[in-house]
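Shown next as structure tokens: one chain only, the form predicted on its own.
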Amino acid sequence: MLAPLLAVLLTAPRPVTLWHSYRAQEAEALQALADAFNRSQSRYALTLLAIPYDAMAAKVSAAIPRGHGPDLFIFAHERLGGWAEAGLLAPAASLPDVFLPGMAEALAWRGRQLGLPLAFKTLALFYNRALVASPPRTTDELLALAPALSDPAAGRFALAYQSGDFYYHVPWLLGFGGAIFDPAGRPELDTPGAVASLRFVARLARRGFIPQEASSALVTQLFAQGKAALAVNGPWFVGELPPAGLPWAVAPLPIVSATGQPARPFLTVEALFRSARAPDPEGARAAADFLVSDASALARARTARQLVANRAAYEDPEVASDPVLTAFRAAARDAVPMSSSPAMELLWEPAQTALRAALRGDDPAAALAAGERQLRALSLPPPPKAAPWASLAVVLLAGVAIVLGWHRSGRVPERGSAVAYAFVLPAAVATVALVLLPILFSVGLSAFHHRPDGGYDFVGLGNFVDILASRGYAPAEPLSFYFTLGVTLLWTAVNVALHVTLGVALALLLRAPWLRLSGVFRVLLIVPWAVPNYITALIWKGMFHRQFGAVNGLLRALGLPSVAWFSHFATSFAADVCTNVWLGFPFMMVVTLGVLSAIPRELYDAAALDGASPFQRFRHVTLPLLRPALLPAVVLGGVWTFNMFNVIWLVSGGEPGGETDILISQAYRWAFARQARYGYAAAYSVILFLILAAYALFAQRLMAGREARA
């Protein structure tokens, strides 16, 4: 009985799991190859699992060390250095000489080959053949063509690309002789070539040759509608263009006339990585060898039009006759593999800050100098290691003090019946699991520094000392805790004041006896509160666009100049406030309406008979009765506004230069955009919690005092 079952188990194919983020035709081509591999042998069964691209890196970093990650996964090579230092990747087998130049080299780290090239991506020049007979070969030719192709007032531009994104600026930076790293391997920004590249793009923006505040969707819309003659974009752009009616083609980026060097975009290699903890290394290696073979590459190039890394695929007549594939292969010859060093992650934020400052009209040299200072501040070493015993003693003493203080306060609950405790138990368990444990975890994490290799060092109060001492930057700079705290307090006070003022005013208006259709107006005014806030934030972000936004369109219709809303602190802050006020006033309005409906009409009639004016009736009747209900609403609204991440992140994005960031968005940046400094971000969150706890205690005492006086 057991012998047949044992034989089946021994002869069953062993599973090999591959994670990927492909979609549409690329996913179909990969699945077809997995099926072909499973048919070609019986020892292994390759299974594919699709993971969203934005979540892939985090899932790989979390799953592999714990032993439940994939055997293989496909991702861009830019994270290779960090994963290699963390010991997540197994060395690749000896590579045959079948790949395009630079592909295999991009996957080497400290002398070891840690991945196999599958495909590549880079930037190229898309051009509309109905508007441009042949693409410009140099930047001088581009500048000569641009005036005839541009009319910003009519929404027409010679060139469209995401000019405020540093990834799209790299071709100009390297073409003008700039560099990403200095000879010692440290990231750098402030170089003569970088200054020249910023002056070039600032000139394009100033003369109206490129759209301002261009997003991916705007670039696609302009090029697809024939309002942009040229566009700098990658192979993903092909799928966003209309299938017919637009005569477009692709060419390499132009040569920079000032240096004679080609514009050199980043080269990103999509690689097949093998997990260092794969349960079956031989099966993972066999599947990897099959997927990167010339035959598999040719199948992917034919069926998915993928830019494969194998040379032999481009010798196939069908692939060689594809103008898009051949154009991007030509563009890849001038591309520079993006560095896979963990230090590369620190470069993006300062570089983007400098780039956007130059596009706003700031001096490029000054913008780069400020970006260099920000880069050095972000590159500071972590706090020194600390002995855990002293910190543990402090924690124990603090815990004892809290327990004693709670006991002496007289708030210890009296012993009750078992039935009463049984009813409370589910809520208590949920509160502990969902509230208390995450808080304790954050407090514990704040005492550690997360290393690039995935380990943690105990630093005690070092993260708190660095935050409160503003180590590496002045207190008046946007990176400083004190600057961000000031912005957060101003943000909260302004928003809550406007929420209450508008909410009460609209509630009084809706209660006016002369107002018709008040029920309809109530429903309409509650809609902003009902719509998810991230959708509202994205809508307002588009409305504040400098060239195509509805707000500036209204200003122009009134004969007023357009406003660059995200170029200055005051206007960017105002845009954030407008969005959040739109989201917040309905809550205060609903609370006020509830209280007003409970106020007896006889009180107003009596006050009117005594000769009280409408303002006096509001001051002496309405306001005193509103105050007890509004005060808790103000406390709750203050907490919500203090932590309103979505509006800040989606509307202004912290622009300009992080000046409109609040504490919660700064904590997010430290955790996910600045080399995963989780301990530092946790310390930020602990400080934020303490501030809100103090605010809640103050509000509680204030309400208790008012109740006692009443």
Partner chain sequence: MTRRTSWPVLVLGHAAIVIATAATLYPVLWVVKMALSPGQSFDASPSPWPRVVSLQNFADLWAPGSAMGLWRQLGNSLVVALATAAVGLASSATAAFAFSRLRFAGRQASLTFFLATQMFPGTMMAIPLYILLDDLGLLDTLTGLVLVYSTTAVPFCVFSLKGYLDTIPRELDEAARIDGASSWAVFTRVVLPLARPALAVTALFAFLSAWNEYILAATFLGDARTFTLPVALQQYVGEYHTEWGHFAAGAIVVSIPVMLLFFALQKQLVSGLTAGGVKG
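Just so you know, these numbers come straight off a predicted model, no measurement behind them. Numbering follows the first chain given and starts at 1.
There is another form of the same protein, the form predicted together with its partner chain; it is not shown, and what comes next is about it.
In plain terms, the part of the chain that comes close to its partner chain in the predicted bound form, with a heavy atom within 4.5 Å, is 511-519 out of 493-501, 478-486, 290-298, 511-519. Its partner chain in the predicted bound form comes within 4.5 Å of no heavy atom belonging to Phe37. At least one heavy atom of Ser216 is located within 4.5 Å of its partner chain in the predicted bound form. Residue contact check for Pro426: one or more of its heavy atoms lie within 4.5 Å of its partner chain in the predicted bound form.
Ala365 falls outside the set of residues with a heavy atom inside 4.5 Å of its partner chain in the predicted bound form. A single residue from the set Glu318, Asp140, Asp605, Glu105 has any heavy atom within 4.5 angstroms of its partner chain in the predicted bound form; that residue is Asp605.
With the partner omitted from this view, the residue of Leu560, Ala154, Ala530, Ala387 that lies near its partner chain in the predicted bound form is Ala530 [heavy atom within 4.5 Å]. In the predicted bound form, the residues of 534-559 lying within 4.5 Å of its partner chain by at least one heavy atom are, in order, Tyr534, Ile535, Leu538, Ile539, Trp540, Gly542, Met543, Phe548, Ala550.
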